[in-house]
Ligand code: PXL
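In structure tokens, the next block holds one chain alone, the form predicted on its own.
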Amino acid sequence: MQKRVAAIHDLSGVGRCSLSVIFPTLSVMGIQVCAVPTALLSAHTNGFGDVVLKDMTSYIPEALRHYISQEINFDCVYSGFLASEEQVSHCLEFMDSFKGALRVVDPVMGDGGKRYRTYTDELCRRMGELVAAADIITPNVTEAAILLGMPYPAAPLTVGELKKILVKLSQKGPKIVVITGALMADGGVCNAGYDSEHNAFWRVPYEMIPRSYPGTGDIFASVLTGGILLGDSLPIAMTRATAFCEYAIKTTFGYGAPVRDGVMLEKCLPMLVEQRSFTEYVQL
């Protein structure tokens, strides 16, 4: 039976991020995506000036009631950027309504040591409630620091420090924690994961490219989610997601495409179909 995902994310008309990359990424993996938009934006908020934003808070519970009335079921509830504190409650309601669904939370709150301007203290606190209800979370290092109430790391992380952060996040509720973009004291950068049920730590190193493209976190979380839904182990799903993001970033960088447009996803999707891999996981 084909898997079906309720994707509770924003939709930007210009700039490849959020639902505009989640749809094609999961679709080529053979997974049906059902969009539940948290906000509609004319473009994403990094590089396009004053964008038009329409808050979709009232739509989310109405969509849920319709799905329930039609006996539509989901194999996964997957949330990302939220436009209001009330949307946390709506996401929790979605999760409660589909008891057997995998619950994935990408706690989109900030990057580069800074919180996004739309995220208030209360919204960040309430994101912690959503994290507590999740099976899998995929924060970057900035979001991990916000969730734990700790300062953004001033220096690259040692293996021991990264393990402590992963464990502390898991103690908030999720069985699996994957942190993206961790700079390591022993050199390089990696995505790191922790499976609390097996007390197993993993890291997948990748080559750092001197560009930061919007939407790559959305792509990583989507490929990871798709892999888990299709039966991948955590390290295999992390490897698949890391390899695809690295490939997409290198492709885009090689063409010299504008950073604000995001990665050239359309040229790279065949890699997911072919299941090519350039990266190997190791134990953390």
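All values derive from a computational prediction rather than experimental measurement. In this text, residue numbers run from 1 along the sequence as written.
Beyond what is shown, the protein has a form predicted in complex with the named molecule; the following relates to that form.
For the marked spot (Ser12, Ser18 and Asn46), a heavy atom within 4.5 Å of the named molecule in the model of the complex is present in each of the three residues. With the partner omitted here, the stretch from 108-116, 167-175, 84-92, 150-158 that lies within 4.5 Å of the named molecule by heavy atoms in the model of the complex is 108-116. Proximity to the named molecule in the model of the complex, taken as a non-hydrogen atom within 4.5 angstroms, holds for one residue of Val36, Val223, Cys245, Leu41, which is Leu41.
In the model of the complex, at least one heavy atom of Gly215 sits within 4.5 Å of the named molecule.
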